[in-house]
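As structure tokens, one chain now follows by itself in the form predicted alone.
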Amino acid sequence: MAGSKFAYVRNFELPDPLLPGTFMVLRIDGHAFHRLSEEHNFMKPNDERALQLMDHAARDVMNEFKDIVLAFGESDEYSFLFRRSASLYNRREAKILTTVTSLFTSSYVFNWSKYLSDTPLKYCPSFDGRIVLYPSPSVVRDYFSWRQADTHINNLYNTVFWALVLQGGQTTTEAHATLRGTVSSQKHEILFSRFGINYNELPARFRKGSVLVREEVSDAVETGDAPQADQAISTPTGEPASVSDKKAQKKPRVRTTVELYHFDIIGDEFWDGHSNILADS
């Protein structure tokens, strides 16, 4: 940046580095999405198209920022976990927060018509974001357990609530009154006894949320015509080939791909199978 007599104004900028050696979780929330869902007639209690759009935007973020190793989404929010050693933008909080949030928002708007093709976008959706630092793998696990438990609690309530309204003929005020003070088992009973709905048989996407994880995929890259297993590689003169001549071999290459799941991340099975997520590097 060129110097001038006006450059002193940079002295008013405050540094905002995030504490090193900690896990970063960036959570994005839809701003006033209750209004957005009402004005665009989202299906109740869940609109799978809108959830798929959220997944698409989250995948775009993960494809852009390789330091993100895990993302979890429910309703109008998504949480992104950065590896502990991440040095993106020198860990400048404002830079990371604004770039990720703006990319997620732009992807959501850009891809709207792919998922809600019969629903023109009436105005610009927006998202807010925050970054929270967590000191240890156990606390990170508890954070994502909290978000998935929240998914279950909210979805069970909303499923019963909208069944009472849409199938039971109650007003929204009456439905809230019916559910006031009820526990999980009572909500399950209302669903099954009144509407024949077994909550545990509903799509896992609604009950467990969306899990995006970076998986390793091994490819075999051919560099020429590979010889048979029992054939030696030789030169045109019949002499054994040197190392530099052994071009007809397959070289393993490891790449990563972002995969979408809808399964439990509260128990140990997921974390035991993805130990790299909470590794130090």
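One-based numbering along the sequence shown. All of these numbers come straight from a predicted model, not from anything done at the bench.
The same protein has a further form, the form predicted together with a further copy of the same chain, not shown here; the description that follows concerns it.
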(message) Can you pick out, from L103, A204, L166, L179, the residue that has a heavy atom within 4.5 Å of a further copy of the same chain in the predicted complex?
(response) L103
(message) Counting any non-hydrogen atom inside 4.5 Å, which residue from S210, S75, S79, S107 sits next to a further copy of the same chain in the predicted complex?
(response) S107
(message) Please pick out the stretch from 169 to 177, 184 to 192, 114 to 122, 156 to 164 that is in contact with a further copy of the same chain in the predicted complex, where contact means heavy atoms within 4.5 Å.
(response) 114 to 122
(message) At 4.5 Å between heavy atoms, is Y199 in contact with a further copy of the same chain in the predicted complex?
(response) no
(message) Since only the chain is shown here, I'm wondering whether R49 would be in contact with a further copy of the same chain in the predicted complex (any heavy atom pair within 4.5 Å).
(response) no
(message) Whether L88 contacts a further copy of the same chain in the predicted complex should be assessed with a 4.5 Å heavy atom distance threshold; does it?
(response) no
(request) State yes or no: in the predicted complex, is some non-hydrogen atom of R35 no more than 4.5 angstroms from a non-hydrogen atom of a further copy of the same chain? (result) yes
